[in-house]
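First comes one chain, alone, set out as structure tokens in the form predicted alone.
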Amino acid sequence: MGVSDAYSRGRRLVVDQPATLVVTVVGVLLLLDLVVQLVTGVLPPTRLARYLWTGLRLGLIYGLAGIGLSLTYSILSFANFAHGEYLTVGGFSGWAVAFLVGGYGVAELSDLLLVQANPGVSITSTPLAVVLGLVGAIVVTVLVALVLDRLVYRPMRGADGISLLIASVGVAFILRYLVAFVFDVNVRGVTGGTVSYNVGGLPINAHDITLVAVSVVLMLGVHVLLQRTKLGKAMRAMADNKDLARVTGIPTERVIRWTWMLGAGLAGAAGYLVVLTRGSIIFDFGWILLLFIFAAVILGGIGSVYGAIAGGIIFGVASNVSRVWLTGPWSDLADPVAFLLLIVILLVRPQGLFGGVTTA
């Protein structure tokens, strides 16, 4: 009986879900090859650990920024293409605050405010400046999002998703070139040197640890908000059924306002943190990251907060671990391979890993 059941299940898998079978076989073969490379010494464990650590940091940024994108989609019913510019606004405004605090008395205030002078801010030499910079990034990005909602999105409330999407593209262009006009278009270094630690042969610096710690704390905060607060329950109700939420007396306009605040605040924090670890900033870095953030959100299941987090981490780790096989000139294909993974997963599970439009 057991053999018969196993045969039937295997036959259904081959006939009904050939894509799942192919993905499973390829995944098992890659995993076996990874183990063989580790055992034979072809792949040093420290190299694999470096890929995982880099992928985790990148994935947390994708996940943190993707939460706002997912909330906007599930509650406001459109894909916000201006979301990447929120990262840029957060990056520049946060580092302007950090420079003013950490570089006061060292350089001209105008140069510090425009992120032109580099006073050598870092989490170990000027921790207060870095923390206040993070707060500044969140506050300024939230204010920008609220102003844009009042001027652009609120008058269009009730419009179809395509109209809102086009409007968000226009907002993205305005924000991007406004930032370029104020801060100019040149790439510049912004952070000073910091302490590095050797963890099992893997060099980890204090900025990377700060990124991981802050990202995890913010994600846990989102979880508590969604599951344990009245606002979170209202947001989940809005995401599940907007008309029913209105009928039951949920203040939908207030929920929408909080959605913008939460999403923009997390995006601003993500933009500030990614600059902290990269050490440089440029006016279009948020736009460049937006494609990866969208991919992570779709991988997790657009509309799901937890899917955005999981999708971001998987996407970041996959793109870096793929460098085990993509060496030399092929290493440039790491990002395309991550997108290939996205396509393969969507072939097997079209609704994404967490599937459905839900914030829970």
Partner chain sequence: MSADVRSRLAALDRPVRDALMVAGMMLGLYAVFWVVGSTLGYDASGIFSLFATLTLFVGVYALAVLALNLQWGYAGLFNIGVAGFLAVGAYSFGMLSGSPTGSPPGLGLPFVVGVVGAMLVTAFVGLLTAFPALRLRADYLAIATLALSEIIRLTVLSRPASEFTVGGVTLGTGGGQGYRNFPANPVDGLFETPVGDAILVAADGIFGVTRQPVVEDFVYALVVVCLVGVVYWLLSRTANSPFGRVLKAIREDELVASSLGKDTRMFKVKVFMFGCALMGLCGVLWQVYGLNSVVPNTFRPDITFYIFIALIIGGSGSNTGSVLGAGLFAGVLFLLPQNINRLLGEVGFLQGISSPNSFAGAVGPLASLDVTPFVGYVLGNIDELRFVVVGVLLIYLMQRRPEGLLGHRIEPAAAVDLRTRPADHRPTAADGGDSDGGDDDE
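Since we're looking at a predicted model, the values are computed, not measured. Numbering follows the first chain given and starts at 1.
One more form of this protein, predicted together with the partner chain, exists but is not displayed; see below.
Checking L333, A49, A318, L34 for any heavy atom within 4.5 Å of the partner chain in the predicted bound form turns up a single hit: L333.
Out of the listed residues V139, V214, V171, V131, V171 is the one that sits within 4.5 Å of the partner chain in the predicted bound form by at least one heavy atom. Shown here without its partner, the chain carries S163, I298 and I302, all of which come within 4.5 Å of the partner chain in the predicted bound form through at least one heavy atom. In the predicted bound form, none of the heavy atoms of W325 sits within 4.5 Å of a heavy atom of the partner chain. The partner chain is not drawn, but in the predicted bound form it has no heavy atom within 4.5 Å of G41. Proximity of F285 to the partner chain in the predicted bound form: non-hydrogen atoms within 4.5 Å are absent; the residue sits far from the partner. Contact annotation for V26: none of its heavy atoms lies within 4.5 Å of the partner chain in the predicted bound form.
Only one segment in the set 215-223, 248-256, 231-239, 149-157 has residues whose heavy atoms sit within 4.5 Å of the partner chain in the predicted bound form; it is 149-157. Taking the partner chain as positioned in the predicted bound form, the residues of 107-140 that bring a heavy atom within 4.5 Å of it are, in sequence order, S110, L114.
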